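Here you get one chain, nothing else, as structure tokens; it is the form predicted alone.
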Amino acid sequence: MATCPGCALLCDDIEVIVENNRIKETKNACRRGAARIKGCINRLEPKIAQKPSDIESAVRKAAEILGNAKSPMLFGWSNSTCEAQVKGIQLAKKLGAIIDDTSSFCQGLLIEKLLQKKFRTCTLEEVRNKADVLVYWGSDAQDSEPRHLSRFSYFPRGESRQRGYEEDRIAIAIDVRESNTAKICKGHFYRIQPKGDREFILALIDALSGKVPAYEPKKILELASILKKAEYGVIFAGIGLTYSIKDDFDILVALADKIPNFHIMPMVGHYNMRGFNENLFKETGFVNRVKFDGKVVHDNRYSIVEALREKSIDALLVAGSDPLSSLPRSLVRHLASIRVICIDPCVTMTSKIATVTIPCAVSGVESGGTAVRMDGKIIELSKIIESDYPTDEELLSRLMGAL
């Protein structure tokens, strides 16, 4: 059995058929996972200034760029192993650099609250075995984490939920649109206006407090009744929710306090984003947006979004991520004017504009390691096939040695 690095579910029941050191077929994996396991369609090659090179020369050039930079940033990590993430944090400390990841513009605030123990949380196995009310809030698990409902939440028979979704579970969707997950929820879909989550939460808190809510009272009272009756509830919080309430996260804490039978779980996308958050939190007390400047400094200006907007960085190392594909065009224009180093197994949009590209092994396929599942459980990644490519951890160690 292998572990799938396709998303933060890290499904560990994947059968892989290998012939002549090539992956021929996968079983149990969803389409997203199968594509990840089968590897790169277009493999990254070592290059300097878009000209062919070798890995050692590329590493030396990358070290030169980072060593000479006045304000370097190390970014990415969501598709890197925990071991590589720890090396990345060590490299940032050595350089006195900024380090950030994709969570700074998605689930970081929620994960930080969880690590600070502001919310009750649980494991996916506890969801499968105990949960009777499942709330998908601003998340479309059916599309983004395709095996979530079938393996862990709505459809399985659990130890305390032997009758499964037919009788033992209620699934609820709260979203701005009727997603594929919402269509599965058997009429328990609550449509809200874009950025309307705060108003919805405040109305729900009123209903849970015995008051008549001003906002859609019939629907809110119905939902409050379901939440109160739950024996073991879980709110799966997606980026639709976290984006909407990012300036007032304490209202979600207030809601959680009103429903002590509920647990909060972030619907993380990339397979090891939570791993980076936990590793950086252990080192600094923060999950992202950190600068090592003789001491640890945490500030919003150290997010990649603000750093690009303010043009405050002059070199960028990207590992395990592709910021060019997800950030607005107005922000990524600055990337064209600075030196970018890209460590990745595959050609990406970011690698195409990089000054230095360094290929690495595909984690969970060509190399092992550990990752942290969306619920915080540490999962071992398997090595399925042999590869001559160095791991991202090895490359970061070489970079540190070359500085």
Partner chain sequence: MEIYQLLPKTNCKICGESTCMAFAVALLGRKKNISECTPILEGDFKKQKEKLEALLLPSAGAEETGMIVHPEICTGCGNCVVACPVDVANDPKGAAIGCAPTNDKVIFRVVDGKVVASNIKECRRFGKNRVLCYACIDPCPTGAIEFV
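Fair warning: this is a prediction, and the values are worked out from it, not measured in the lab. Positions refer to the first chain, counted from 1.
The same protein also exists as the form predicted in complex with its partner chain; that form is not shown, yet it is the one meant from here on.
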Output flag, Asn28, Lys38 and Leu149 jointly within 4.5 Å of its partner chain in the predicted bound form, heavy atom basis
yes
One stretch from 257-265, 209-217, 279-287, 180-188 that, in the predicted bound form, holds residues within 4.5 Å of its partner chain by heavy atom:
180-188
Answer for Arg157 alone: is it within 4.5 Å of its partner chain in the predicted bound form, judged on heavy atom distances?
yes
Would you please decide whether Glu394 lies within 4.5 angstroms of its partner chain in the predicted bound form, comparing each non-hydrogen atom pair?
no
Answer with yes or no whether Ala34 is in contact with its partner chain in the predicted bound form, where contact means some heavy atom within 4.5 Å.
yes
Residue-level contact is defined here as any heavy atom of the residue lying within 4.5 Å of its partner chain in the predicted bound form; does Arg22 satisfy this criterion?
no
Though its partner chain is not shown, can you say which of Lys87, Lys113, Lys291, Arg128 has a heavy atom within 4.5 Å of it in the predicted bound form?
Arg128
